[in-house]
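Just one chain is shown here, as structure tokens, and it is the form predicted alone.
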Amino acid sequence: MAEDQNVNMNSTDVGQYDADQLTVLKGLEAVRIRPAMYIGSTGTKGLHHLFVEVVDNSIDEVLAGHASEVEVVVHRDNSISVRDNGRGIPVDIHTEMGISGVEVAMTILHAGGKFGGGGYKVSGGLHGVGVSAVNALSEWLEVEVCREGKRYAQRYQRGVPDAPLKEVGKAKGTGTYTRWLADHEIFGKIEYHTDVLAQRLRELAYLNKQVKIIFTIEETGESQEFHYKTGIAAYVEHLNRNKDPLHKVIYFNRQREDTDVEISLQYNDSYHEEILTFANNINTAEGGVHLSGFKTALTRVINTYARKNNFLKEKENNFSGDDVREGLTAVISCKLLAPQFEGQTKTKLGNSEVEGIVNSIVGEGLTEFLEENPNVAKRIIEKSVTASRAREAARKAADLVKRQNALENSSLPGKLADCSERDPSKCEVYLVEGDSAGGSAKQGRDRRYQAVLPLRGKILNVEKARLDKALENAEIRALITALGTGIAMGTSDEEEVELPLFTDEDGVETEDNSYDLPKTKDKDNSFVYDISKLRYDRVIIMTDADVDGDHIRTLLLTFFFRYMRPLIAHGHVYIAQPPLYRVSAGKDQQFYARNDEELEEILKSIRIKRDLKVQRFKGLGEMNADQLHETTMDPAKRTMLQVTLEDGVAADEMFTTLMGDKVEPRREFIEKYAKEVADVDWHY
């Protein structure tokens, strides 16, 4: 069977099963019938993925050295166009298919220049279904190609060409222009988040310093140009712009065994690490071999330098990986011939040889830098020393919590009203502010599967404090204990610290024992985040519907993001939506509104009624238990928001801006978005 055909085994008569019962999906029909198989979903993610597929084709021309400019436009009719000055898709007739190269690329799955090494050595596309899938899922798509002084054009409707490719004029340069309108039959309402598009284009410009990308939104006339001559070094500066860096950006770029490795890093005065990894411009959010190679080399080099220069004494333990990565911002970009991706979302690099390549390159580059910049080296090591001491203090604090729990013959905090169900998949816990709200929640809950943990006051802002200080906070200790997962002091994936290598007379790399580095491995399980021990499937933040409630919710989300990020990534965190108003109409009717807009709609609908009473709840504690249950805790009636992690970089930036030390970025954020919210707390 041809590669571009899918078979659907569909039999309406169980007793009869022959060749006529097989439905053959030809060409792009399979994409339209099951679009999620090709682009992930038919929601917002899938809609934006069409954009990614087309842009990545242009960036592949950049990687191949044939393009230097890409222009992207979001048009008023919600179509998007992408133009590049690359070679242009081949226009000659494909010998086997009997149609033009353009039509092959636009209509045949698994067709493209990324197979067999003929068209591209390095590319971001993996499966060759990209632009053909975009064509299949668009109401219409237009393509223009400029090659050899001529301009060619073709138009498609839902993947079917109106006519063969034809020559339409002369052309001065070369390149490809693609414009498409996503199909409303597939995606429903076509609405793009232009900030998401801009973020991807900005990221691509950082990763490919040779390209200039122009992004225009026709409706507003807004146009942005992304071009960064220093590439990922500028990316690190951008990521640290709201933080206080300890030194200038460190950058090195080396090639080995057909693999090009770029590394950029900079330490800041925060307590959290941010390492972004890419393979052929694909964001490897799950990490992989290039990340592990980087981490191992970083730990080894800093320990070697610290011991060689007497920052670490003979009897002192080595720094752990978490110690040397505290306050680190880094970008790792690898470009290789045949990337192999693994993991749940296929965003984890698995090429085993790349780990050693990155390890070696980082070892060489960073060692040279530290030797040539002793003042910067001293700052980095002093940061690691402070981190190590704080981490030891955090361990002692965690041990104290354990001992206190043991003395109380219970591993759960006393204020927790637990549920009777012991299957975590059926349980949920409400995190509520204050004893008053906690009392109403405890009375209004279903004791079988709903637990309640009241938190007194506002928990510590962990964006401004290390974990050792956070563990001194009684509310944070209660929260950690109640959830049961432990906490992550860092990434908690520490490898054994390797001894430095030297090359002997025969050219063989051997472990250098001259510094007598003791090997260490952190096995303190209290700091290994284990999501399998989570005691509740749903962790629900339930705070008052006011500014103070918003602040408490943000503090909790900051803690989860910094120390329990898998909790968010696996979809366990929710935000309750309690009402702000109750409307009584006579004796029999009552309505609840979560905000002023809902209140206005309710009042419009019952305006003819008499005896209208509007009550504004000052807090959850003012609500009767039955009211709280009916509006916020009853699964059959409640509305909850699930917290998801769409973009780790954007989330990190948001928490740094809103909860960090710097006032000016927070002020700018509030001024920018003040018109979009009803209440703003202007007190810092």
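Being a predicted model, the structure only gives us computed values, none of them experimental. A residue's number is simply how far along the shown sequence it sits, counting from 1.
The discussion below concerns the form predicted together with a small molecule, not included here.
**Q** Can you check 56 to 64, 614 to 622, 34 to 42, 639 to 647 and let me know which stretch has heavy atoms within 4.5 Å of the small molecule in the model of the complex?
**A** Contact-bearing stretch, as computed: 56 to 64.
**Q** For His247, is any heavy atom within 4.5 Å of the small molecule in the model of the complex, or not?
**A** No - in the model of the complex, heavy atoms of His247 and the small molecule never come within 4.5 Å of each other.
**Q** Test of understanding: in the model of the complex, would Ala306 fall inside 4.5 Å of the small molecule by heavy atoms?
**A** No.
**Q** How about Arg87 - does it come within 4.5 Å of the small molecule in the model of the complex, if we only consider non-hydrogen atoms?
**A** Contact with the small molecule, yes.
**Q** Although the small molecule is absent from this view, report whether Asn359 comes within 4.5 Å of it in the model of the complex, heavy atoms only.
**A** Because no heavy atom of Asn359 falls inside 4.5 Å of the small molecule in the model of the complex, the answer is no.
**Q** Since exactly one of Thr176, Ser132, Gln450, Asn242 fits, which has a heavy atom within 4.5 Å of the small molecule in the model of the complex?
**A** Contact with the small molecule in the model of the complex is made by Thr176 alone.
**Q** Taking 4.5 Å between heavy atoms as the contact cutoff, choose which of Arg562, Lys383, Arg147, Lys335 touches the small molecule in the model of the complex.
**A** Comparing distances to the small molecule in the model of the complex, the residue within 4.5 Å is Arg147.
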